[in-house]
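Coming up is one lone chain in structure tokens, specifically the form predicted alone.
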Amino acid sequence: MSAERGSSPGQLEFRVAIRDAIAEELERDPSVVFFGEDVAAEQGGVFAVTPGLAERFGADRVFDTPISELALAGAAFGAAATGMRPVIEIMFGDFMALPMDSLVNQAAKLWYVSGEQGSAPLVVRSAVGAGGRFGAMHSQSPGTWFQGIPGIKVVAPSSPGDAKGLLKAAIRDDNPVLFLEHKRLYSIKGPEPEHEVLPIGEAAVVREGRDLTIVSISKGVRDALQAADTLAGDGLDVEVVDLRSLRPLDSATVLASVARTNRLLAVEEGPRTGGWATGLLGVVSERGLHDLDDAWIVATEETPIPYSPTLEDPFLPSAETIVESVRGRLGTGVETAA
């Protein structure tokens, strides 16, 4: 099916992988619907990702919406909460701030606040990233805006095969998933996926090495692989880890790689402050240096904040939890610097 739409045999174009994943899930599950700005237009949106879906599945399943990201997210949440599996498209990730309330305060928390009785199985697709000369307000990568929100997953594939397998997994997930597609990846081609569905939250070692670990996500993975080839000419054997998702973050795969190479470079298309790379280095410092007791973190658990006082009070960091952590890690009678 992919070959007749522009991909060579055995090779899948990124935008076609996205289209195929949506089409196959629409075919498989009648509760899946797809809507957004221009997604049902003849060209299939500004990046020509979804042409033909409206004609194939009809206006009840694939349709265009007004230009209102907040309305899109609200409609998706309502549909998801009442039994549908909506996939929506926010044309540019920069506009993700507009539906923030529906996604962060409603969709992400429904499973928790309902006592696991309700869920919001929705997917938000969005084009992200710079390099296309779109300017300051159409070139950002907003994955880290959502990385601190329990209840929502953040996925950003780097290859067509991963894009297809991860998007199908996202549509089948029972809770909201933010699916980020880098603009400069839409035209790349790669092998068909080996598996129909890929698990969300598992990083991949896409190049093995022994001298240095480079970790990235989305387009940064392709840059890291190119750099690794160049550095091989210098005699440096580089291992490349593709995170594939920012939440859940597969720190175990990164730690295992760093244990082999003893060096880590995190490559992020975004600012250092508040970025995922800084957080990842914090994880490596805390857990990779565990035997040295050099660094660790006290923070809340990976859930929304509870309401009950008996649950909320111990949930929060406090002087008592800090003391408990220090004593548990270092023991009492610790030698201190003069």
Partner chain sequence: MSAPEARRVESPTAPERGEPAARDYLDAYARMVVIREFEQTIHRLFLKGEVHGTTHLSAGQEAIPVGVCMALAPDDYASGTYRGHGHALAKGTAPEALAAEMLGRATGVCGGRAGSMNVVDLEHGLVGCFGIVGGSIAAATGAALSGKREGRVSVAFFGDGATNQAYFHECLNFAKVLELPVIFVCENNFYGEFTPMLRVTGGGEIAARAGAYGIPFEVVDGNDLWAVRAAAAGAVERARSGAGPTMLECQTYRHFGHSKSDPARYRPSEELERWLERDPLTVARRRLLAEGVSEADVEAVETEAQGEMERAAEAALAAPYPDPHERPATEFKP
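Positions refer to the first chain, counted from 1. These figures come from a predicted structure and were not determined experimentally. Between two forms, the rigid core is the largest collection of C-alphas that superpose within 1.5 Å.
Missing here is the form predicted together with the partner chain; even so, the following discussion is about that form.
Exactly one listed residue, out of Ile188, Ala227, Ala204, Leu98, brings a non-hydrogen atom to within 4.5 Å of the partner chain in the predicted bound form: Leu98. Between 231-239, 204-212, 132-140, 252-260, the stretch whose residues reach within 4.5 angstroms of the partner chain in the predicted bound form through a non-hydrogen atom is 132-140. Among residues of the shown chain, Met84 is one whose heavy atoms approach the partner chain to within 4.5 Å in the predicted bound form. Although the partner is absent here, Pro51 sits far enough away that none of its heavy atoms falls within 4.5 Å of the partner chain in the predicted bound form.
Shown alone here, Ile90 lies farther than 4.5 Å from the partner chain in the predicted bound form, counting heavy atoms only. Interface membership of Gly161, defined by any non-hydrogen atom within 4.5 Å of the partner chain in the predicted bound form, is ruled out. Residues Asp94, Phe95, Leu98, Asp101, Ser102, Asn105, Gln106, Leu110, Trp111, Tyr112, Val113, Ser114, Gly115, Glu116, Gln117, Gly118, Ser119 are the ones in 94-124 with at least one heavy atom within 4.5 Å of the partner chain in the predicted bound form, listed in sequence order. Superposition of the core reveals a Cα shift of 2 Å or more for Glu302 between this form and the one not shown. In the predicted bound form, the separation between the C-alpha atoms of Pro304 and Ala97 shrinks by 3 Å or more relative to the displayed form. Pairwise change in the predicted bound form: Ile200 and Phe315 C-alpha atoms lie farther apart than in the shown form, at least 3 Å.
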